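Shown next as structure tokens: one chain only, the form predicted on its own.
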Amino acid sequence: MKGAFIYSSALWVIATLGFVPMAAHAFPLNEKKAPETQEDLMLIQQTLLASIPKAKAATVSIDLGNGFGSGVIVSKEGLVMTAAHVSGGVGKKVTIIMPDGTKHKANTLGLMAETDAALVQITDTGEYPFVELNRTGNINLGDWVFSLGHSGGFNKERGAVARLARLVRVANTTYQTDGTLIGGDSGGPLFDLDGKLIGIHSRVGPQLPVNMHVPVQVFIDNWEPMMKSEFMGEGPFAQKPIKGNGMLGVATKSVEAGLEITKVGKKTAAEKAELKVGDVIRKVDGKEVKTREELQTIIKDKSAGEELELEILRDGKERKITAELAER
């Protein structure tokens, strides 16, 4: 379906010029079990349409290299909130895709492995559209909310998909809604009807309309260590890196200029990085390497998923190549 949002056919598109939305905590329909009149439906429609544009502008797709997730920008400097299982770890390089298709380089910061919260920082300089956090803590069972996410991955023509929902469970570390989320939505934002961020999509339950979200308060309570790129907790949404389990996948021999590659293993990190037989590795992470033992010492201090910065000679020309270590 084209368009930015999906909800009941009873909520038709209407003109909203001049409409000012109420704050979500004062939204009168939050107190009702269900809309009772056409006016109730129109009020939901108007409020939703007034809040979506700013929220969509800050909702991004996160390209992980081997998959996609979603996130939302929460500062003009490009700080992104997402899920820990989307970021995949600390200190990883990812790509942020803006709604217009523009791509920006980014690094993953800290995460909470037990609650599925993570931060990502766009590293390209600039000012970015962002949303405000609901810091009031005034979130109640039955509140009307809406979610955004790049369902199934980024699609510029379609844009982020919005779904109207209600909170059906409110706990300290989890919100549950009755909206519908699918793959690609993970890490995307959950808003109150005033357009304030209240949570981040974590996981889909046994049925599509059963969805879990990380409350914004979880991020706020752990903001400092996350900004310092700390890995907190022990799973299940992220696993701590294990030093020494990374593998490059090359055979080498010592030559005057460094280490010459004599074999590149199939489906290895080296092959993925397009290293070739005959390449001469001169430096790894800025350190000169002359022997296989020196290369192995550097790799033993790394874990699967971490990157090596290689300076090589190929056909007499210097080149720099980044290789992400595979798991041994």
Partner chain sequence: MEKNGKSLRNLLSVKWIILFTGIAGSHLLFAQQSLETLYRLTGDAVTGVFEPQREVIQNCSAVIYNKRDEIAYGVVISKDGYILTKASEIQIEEKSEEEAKDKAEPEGEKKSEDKAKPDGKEKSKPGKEFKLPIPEGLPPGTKIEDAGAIVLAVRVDKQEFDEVKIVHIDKKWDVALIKVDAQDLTPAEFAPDSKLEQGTWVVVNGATSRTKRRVLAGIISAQAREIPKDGVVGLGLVLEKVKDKLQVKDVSKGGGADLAGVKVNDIIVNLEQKKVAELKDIAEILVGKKPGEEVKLTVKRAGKDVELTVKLAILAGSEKPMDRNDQMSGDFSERRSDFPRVIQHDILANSNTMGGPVLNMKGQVVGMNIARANRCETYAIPVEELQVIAKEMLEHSFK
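The term rigid core refers to the most C-alpha atoms you can superpose between the two forms while keeping them within 1.5 Å. Numbering follows the first chain given and starts at 1. Remember, it's a predicted structure, so these values are computed and weren't measured experimentally.
There is another form of the same protein, the form predicted in complex with the partner chain; it is not shown, and what comes next is about it.
Taking non-hydrogen atoms only, residue 157 approaches the partner chain to within 4.5 angstroms in the model of the complex. With a 4.5 Å cutoff on heavy atoms, residue 220 does not count as touching the partner chain in the model of the complex; it lies far away.
Within this chain, residue 303 is remote from the site of the partner chain in the model of the complex, having no heavy atom within 4.5 Å. Contact between residue 230 and the partner chain in the model of the complex is not found at the 4.5 Å heavy atom cutoff. Though the partner chain is absent from this view, in the model of the complex it lies within 4.5 Å of a heavy atom of just one residue from 247, 170, 242, 133, which is 170. In summary, among the residues 225, 91, 152, 129, the only one with a non-hydrogen atom within 4.5 Å of the partner chain in the model of the complex is 152. In the model of the complex, no residue of the candidate spot (278, 292 and 313) has a heavy atom lying within 4.5 Å of the partner chain. Heavy atoms within 4.5 Å of the partner chain in the model of the complex are found in exactly one of 256-264, 33-41, 293-301, 278-286, that being 33-41. In the model of the complex, the partner chain lies within 4.5 angstroms of at least one heavy atom of each of the following residues of 164-189: 164, 165, 166, 167, 168, 169, 170, 171, 172, 173, 174, 176, 178, 180, 181, 182, 183, 184, 185, 186, in sequence order.
Remark: with the core as the superposition reference, the CA shift of residue 300 between this form and the one not shown stays below 2 Å.
After superposition on the rigid core, the Cα of residue 65 moves by less than 2 Å between this form and the one not shown. The Cα position of residue 266 differs by less than 2 Å between this form and the one not shown after fitting on the rigid core.
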